[in-house]
Ligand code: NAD
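Taking the form predicted alone, here's one chain by itself in structure tokens.
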Amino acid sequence: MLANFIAPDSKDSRLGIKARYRMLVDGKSVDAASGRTIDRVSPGHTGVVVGTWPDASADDVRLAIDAARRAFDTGPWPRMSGAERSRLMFKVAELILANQEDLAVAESLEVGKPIAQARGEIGFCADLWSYAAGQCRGLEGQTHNNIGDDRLGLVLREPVGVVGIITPWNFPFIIASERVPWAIGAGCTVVLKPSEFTSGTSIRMAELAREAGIPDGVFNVVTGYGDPAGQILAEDDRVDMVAFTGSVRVGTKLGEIAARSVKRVGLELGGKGPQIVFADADLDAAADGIAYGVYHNAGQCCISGSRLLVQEGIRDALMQRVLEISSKVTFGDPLNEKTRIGAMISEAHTAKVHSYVEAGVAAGARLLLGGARAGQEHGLYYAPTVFEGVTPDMTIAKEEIFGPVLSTMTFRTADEAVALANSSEFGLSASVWSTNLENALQSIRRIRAGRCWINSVIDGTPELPIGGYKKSGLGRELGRYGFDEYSQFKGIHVTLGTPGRWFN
């Protein structure tokens, strides 16, 4: 067993939690009509069931769509003032904070992420709700007073309608909180379909919204598998928009289905984030950020900094620091406060990550550290893994591994670094490490990615938009731009006085 592996404590009382969840439809807690359920075994604790939720059919989801459609077409929510919606959304944020520890434990057990990380994420989600609550009362259209003495132009902002939101398993509470508050803040109603792996905390979010006073039918949650529970959200004509976060393969399929009814689509898909380190960078800070960027959430992160692009001349010095951190960082038991890297989501995904590692070795990349599973008798864990000598044509340089695997390449000039960064079909995130701010800014401006950092990584704030270039997706969430994603804009020409006659 590796010295930095923390074995799970089988006597931890929190492992006795086996939550039984029900979907939330039209303000009511309901089971699937079939009675079928899904058991979630914690990936960090072999054989321990930590949650059970309904396995919804397409008909179950249609009932949720009915509720959302009715709440939008005839309910009070879209007709409330921004101030009224804001007050209720602030209450949701307060309730999230009041239940922070319980939510964090559930998130840790379902996803396998470290409890300290989960706790911080829940707190961040309360901030997301608070920001959206504050902004939704300030949403505005435009007036045009200079289009003629006898004409006035109005641009009205209106909610897009019923929104289907499909979220992945890696950050269920965060990704829902990056979308639901903006959608309902704009006046929309929502049907949320979380991953079948990690549905519990999404249901709890909707229950807290109900407790806060959000009207029935505004925020519905259905649980089950992508086909049929998620797919029906793209197929049903009563859904005006579908927002999906997940793989390129599934996102492309949903986009094709939605196009049949000319449904608006928001997509946040894969990533292969570069971390560019210039020779003038603070190497200690960069090494720490690189490790965090690739190992955060066991690398199961679409904005993971999984491609390290390091300038020649500092490669050895930087790699020494990265390897030292990688060999000492604690991983294992998600419920241990000292753990920094938790479990993988499933057996199939763990095997997939290992197959990428094997492909890297076969292609000639040098495996400097890791490359193997750990603590298999306890759960689904993979050791921090570092490759050097990677070339742009290798699979581990091109495809999203979604595990704690770092692929290292070198460059000579800033032009070469930018070209390497842009050589990916993805464009979700990028980092630049440099103490020369002009060099850092000029480089980041040339990188085709929607979420970028200078001298940090995987940082976030509700004020800044997120989203992808290229195959990483369509649309933007968060900030003021996030409300535009869930809004329609209506242009109105007002004629004043007596208009000129077309006939006679």
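Numbering starts at 1 and follows the sequence shown. No experiment lies behind these values; they were computed from the predicted model shown.
This protein has a second form, the form predicted in complex with the ligand, left out of what is shown; the following refers to that one.
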Quick one: is residue 399 in contact with the ligand in the model of the complex, heavy atoms, 4.5 Å cut-off? no
In the model of the complex, is there a heavy atom of the ligand that lies within 4.5 Å of any heavy atom of residue 350, even though the partner is absent here? no
Residue 170: heavy atom within 4.5 Å of the ligand in the model of the complex? yes
Report yes if any heavy atom of residue 100 sits within 4.5 Å of a heavy atom of the ligand in the model of the complex; otherwise report no. no
In the model of the complex, do 85, 158 and 160 all reach within 4.5 Å of the ligand through at least one heavy atom apiece? no
Could you check which residue among 194, 164, 305, 114 gets a heavy atom within 4.5 Å of the ligand in the model of the complex? 194
Quick check on this chain: which one of 371, 215, 226, 255 has a heavy atom within 4.5 Å of the ligand in the model of the complex? 226
Where, among 374 to 382, 274 to 282, 72 to 80, 246 to 254, do residues come within 4.5 Å of the ligand in the model of the complex by heavy atom distance? 246 to 254
Only counting heavy atoms and a 4.5 Å limit, does any residue of 262 to 276 reach the ligand in the model of the complex, and if so which ones? 268, 269, 270, 271
